[in-house]
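This document contains two forms of one protein chain, each encoded as structure tokens and listed individually as structure 1 and structure 2.
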Structure 1
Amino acid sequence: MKLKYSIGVDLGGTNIKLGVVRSDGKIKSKISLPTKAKRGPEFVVKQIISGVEELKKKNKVKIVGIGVGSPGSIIHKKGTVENPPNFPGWKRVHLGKLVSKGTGINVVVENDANAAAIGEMIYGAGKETKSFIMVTLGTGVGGGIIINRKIYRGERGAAGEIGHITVNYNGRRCKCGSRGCVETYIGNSYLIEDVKKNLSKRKDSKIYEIINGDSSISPKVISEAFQYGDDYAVEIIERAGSILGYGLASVVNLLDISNIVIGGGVAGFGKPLFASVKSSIIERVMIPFKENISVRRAKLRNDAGIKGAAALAFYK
């Protein structure tokens, strides 16, 4: 098969990452520009267009399309983005139309969590899988649902909010306004907050030793401590995995989909996390679902955002 090229745009609150990506998922060239979201939508659109122009100049290949993975509510058919968090002044922006007009190339806009799921389906861990649940563990917890090789969007394109499945209706308040969402247990910021709060009681832990008085705890530090067999790190990872598993058990019972793919920074905890997610799903799902549960790590890691967005141009 002849390789084709698309441009993937990963629109973040701080940076816009763009790349020319081959139809087999390899990045040919990539750049990053500051989003400067405060300067408003017109400026951000200009940044995207100038990024695309730069990539086109550097790479003399035919670009079949541009895919944009964006935060916020996306109306996929219209290519509009509504109220992305951390983008002041955006109410509804016709991002697809504006970028397409500025570049002369077809543009597909998709929610960033859905783009990650499509990326895994086309290039990654979901290549051979008919249906799967994609979970992206980052600052928040995003999700995408692939059913029979199609992204499931729901009525307004907002489906897949796995981070906001409630596992404890009396639990901690979530940024979304609800309580006890999966995100309040395994979202980066909540997880780190908990570790910070409890660390003074765990001065014997390797985590305490690694950060050495510095308060910047990160999933990476926890992983490192885990490598040393640190009890507290094991506890943190297993608890986070179990609770994600409880939430995913509800998803499996509801959707009868047995394949789970997990990506994002916190997925860096690796095997111990996946093992505890899997065992807690199996413990909690109904009997017919127990035997086929599969929990895998996403294959797109660095540049997952660019690749997922680029995949949109290859997805029909």
Structure 2
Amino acid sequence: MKLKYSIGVDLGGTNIKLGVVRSDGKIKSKISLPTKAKRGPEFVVKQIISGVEELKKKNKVKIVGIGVGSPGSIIHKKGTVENPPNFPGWKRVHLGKLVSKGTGINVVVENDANAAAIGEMIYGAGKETKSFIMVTLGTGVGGGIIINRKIYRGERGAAGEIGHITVNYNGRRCKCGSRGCVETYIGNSYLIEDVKKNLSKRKDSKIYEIINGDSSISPKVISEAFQYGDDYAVEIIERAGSILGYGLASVVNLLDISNIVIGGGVAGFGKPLFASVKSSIIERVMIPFKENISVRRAKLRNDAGIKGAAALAFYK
């Protein structure tokens, strides 16, 4: 079977990751550019086009299409992105048309977590699984739902927004406009904000020692502190897992899908996070679901978004 090539674009709140991907899932070449989302949609579109052109110059292969995984509500057939939570000024952007016009290549746009789920279904942890729930942990918290080997988009293309399940009806305000969403506790920026706020009370923590007075706290720093057996790092990771698990319990109860795949940067917390997620789901789901809960790490790791987006050019 002759291999084909497409470009996958993983549009994140912090970075835009792009890659030339073969139809068998191998990445030929990849790059990353800062999103600078605060500068508005026009700038972000220029960044995507610039990245595509750079990849085209580096890779002398025929590109059959571009797939873009974007946050927000996606009108799939039109390639339109609406109200992505961490992108100021993006009410409705015709992303597919704009990128296609700037590159001369056909573009398919999909919700970023849906794209990651498609990538895991075709190339990764969901390869042998009929139905599963994908969770992406990064700047925000996204989700994708695979049912009988098909992505479920819902009526507006916004299905699977696990990060915006309410776990505290009177909780902090979320960028989506609601309160107490899962994302407001374990989305990267919220998580780091909480750690910074509480760190002055935990000066015995290894985190305090690692940053050495600097304010640069990241999931990587928390993971490093955990490796030293730091109690505060353990608390942070287990609490994040519990909150995600409580949100996912509602999804499991609603959809009767027991397989969970977790990807994204915060998934780097590893086993303690997954153990906490699983125990919290089991604690809250209905009795018939308890013994079949499976929580796995995404196999494609940080490439899930690129490979999933690229697969949109091949996936029917």
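None of these values were measured; they are calculated from a predicted model. In this text, the rigid core denotes the largest set of C-alpha atoms whose superposition between the two forms falls within 1.5 Å. All residue numbers here refer to structure 1's sequence, counted from 1.
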{"query": "Form predicted alone, given as structure number", "finding": "2"}
{"query": "G177/S216 same rigid segment between the two structures", "finding": "yes"}
{"query": "Angle through which the smaller rigid unit swings between the two structures, given in whole degrees", "finding": "20"}
{"query": "Cα displacement of R22 between the two structures, core-superposed (Å)", "finding": "2.5"}
{"query": "Per-residue Cα shift, V45, between the two structures [Å; core superposed]", "finding": "6.2"}
